[in-house]
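Only one chain is given next, in structure tokens, and it is the form predicted alone.
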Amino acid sequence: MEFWKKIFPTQLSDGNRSVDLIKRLLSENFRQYASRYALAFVFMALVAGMTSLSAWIMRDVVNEIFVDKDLSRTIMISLAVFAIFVIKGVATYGQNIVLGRIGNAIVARHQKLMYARILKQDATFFQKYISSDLITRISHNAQAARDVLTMLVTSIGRDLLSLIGLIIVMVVQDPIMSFIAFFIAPPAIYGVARLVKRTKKIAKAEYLSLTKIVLAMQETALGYRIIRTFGLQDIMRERMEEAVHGVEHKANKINSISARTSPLMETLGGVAFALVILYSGWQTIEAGKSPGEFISFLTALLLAYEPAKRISRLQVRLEAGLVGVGLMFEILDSPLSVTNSDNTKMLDLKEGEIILENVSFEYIKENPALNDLSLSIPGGKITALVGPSGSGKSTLLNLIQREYDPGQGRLLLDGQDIRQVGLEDLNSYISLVTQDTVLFTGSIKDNIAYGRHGASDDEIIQAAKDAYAHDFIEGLPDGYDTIVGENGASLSGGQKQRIAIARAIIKNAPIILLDEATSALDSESEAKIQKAFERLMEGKTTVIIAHRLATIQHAHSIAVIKDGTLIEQGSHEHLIEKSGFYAHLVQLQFGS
């Protein structure tokens, strides 16, 4: 439990009130599917009407068979009963089909909306929401939206209409008995209201437990080698068992709360039925009233019991579903930290010069990653960033890509503030190869082609050759059609990185960002890749982060960053002559 408290230190926020969530859910979905909901209501009205009619006709069944003993009328009534149940069955089928398709469309729509919103987010968003949380929200919460809407529609269109129809039958048959039966409503409403408050809190805890299960499974799939090597099976098993137990425990609690409506309704219903039977029996035996009215009333009362019980449980079930709906809207409403400005301009890139003017940035308050940094990166040249780990080099690359916006200062591309440039337009000019190689599920050919949509097979093969990946790809059983597995699980680290380099090569962007791009390669492969990079970087603005200084000695400019500040800049030879911090780093790596 202590482990999960560290991962999920706070409870989920309450979000909007239940009524507000329902209003928003209806306003954003009901109109779009209004015609299909109307058809579903027609089917549900038929179900409700046939249910009420089946209770009403019981009066004639009893009177014509047992009192009047009229065979011809009995045959007609039998045919009418058959017709009632056929119509009810067909209408129930139609209702389920229509509501099912609407529900599936709602799930698909909200999953698309949530994913589209997530794609627009910057790095800050993904620091706030861990991947297992997002996975659970996009799968579980969209279904919650469907379930809530289906509950509302069926409760109004089927249960409420059936209940109203049956109440009309009861009142017409005997108003006094109806009054006796209705006395169960006030205590039932009071009892259910007391149960609702607990449901919301438990539903939130259940959601957290679901997220824990996804997180544990995700870490197992990604870290199975570490788990096996370090003997972490028991620890991981305990975490998963604790998470699964949490879901089971919370689900049992919600089920228990929902089930408590049954003894409440059964007890009150039993009292009502007993009083109705006593009163109607007295009327039939002592007052000589026809038994048909009593049977019709009793049938209506029995049929009304189930929709009344479902309606009594509605609020409990709604509160559980609305927790998921609230979490879904939290993603849909999440603010975008990096957005296009109102007067966005197309980037006019010619030289490719990058200038940082007094740029400051901090991930955590009062702990700056970059501190009043001014730096000029010449267009069409190679600039290397060196310095200790945590000095701000990767942050600088993030700012160039607008993963974040500077807290202070400006970042200019050919004199244009990148905050005035569209995000998609900006990133179309940039190629990126990182130390942590990311490949997507699919074939090797697909992963290279992601660099430029519509690339031909010949272009893909040429990019692989330039990245010195062609030979090993051809040696695979399926060649370029080989499936890489989850994040390239079927490939070695060096193979994955060469595919990522091929992806950057085929994009042929004028700005190239390399973050330890050759770190996973052996010396022979690295030498080949350096030649490929020389061709790739020719005439392009290139920014390289490298800890192995031998790989950047031929850079046109080397910027030394320490504690988020530029401390020196120049060519390798110039900085060596200066005998400053860079010369000290060279001496540490290569000796005197």
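Nothing here was measured: the structure is a model prediction, and the numbers come from that model. All residue numbers refer to positions in the sequence shown, first residue = 1.
The discussion below concerns the form predicted together with adenosine-5'-diphosphate (ADP), not included here.
Partner proximity in the predicted bound form, defined as non-hydrogen atoms within 4.5 angstroms of adenosine-5'-diphosphate (ADP), places exactly one of 456-464, 245-253, 443-451, 358-366 at the interface: 358-366. Contact annotation: residue 335 falls outside 4.5 Å of adenosine-5'-diphosphate (ADP) in the predicted bound form, judged by heavy atom distances. In the predicted bound form, none of the heavy atoms of residue 224 sits within 4.5 Å of a heavy atom of adenosine-5'-diphosphate (ADP). Contact check for residue 392: a heavy atom falls within 4.5 Å of adenosine-5'-diphosphate (ADP) in the predicted bound form. Contact annotation: residue 404 falls within 4.5 Å of adenosine-5'-diphosphate (ADP) in the predicted bound form, judged by heavy atom distances. This chain is displayed alone, yet in the predicted bound form one of 103, 94, 388, 378 has a heavy atom within 4.5 Å of adenosine-5'-diphosphate (ADP); that residue is 388. In terms of contact with adenosine-5'-diphosphate (ADP) in the predicted bound form, the residue from 492, 72, 127, 374 that brings a heavy atom within 4.5 Å is 127.
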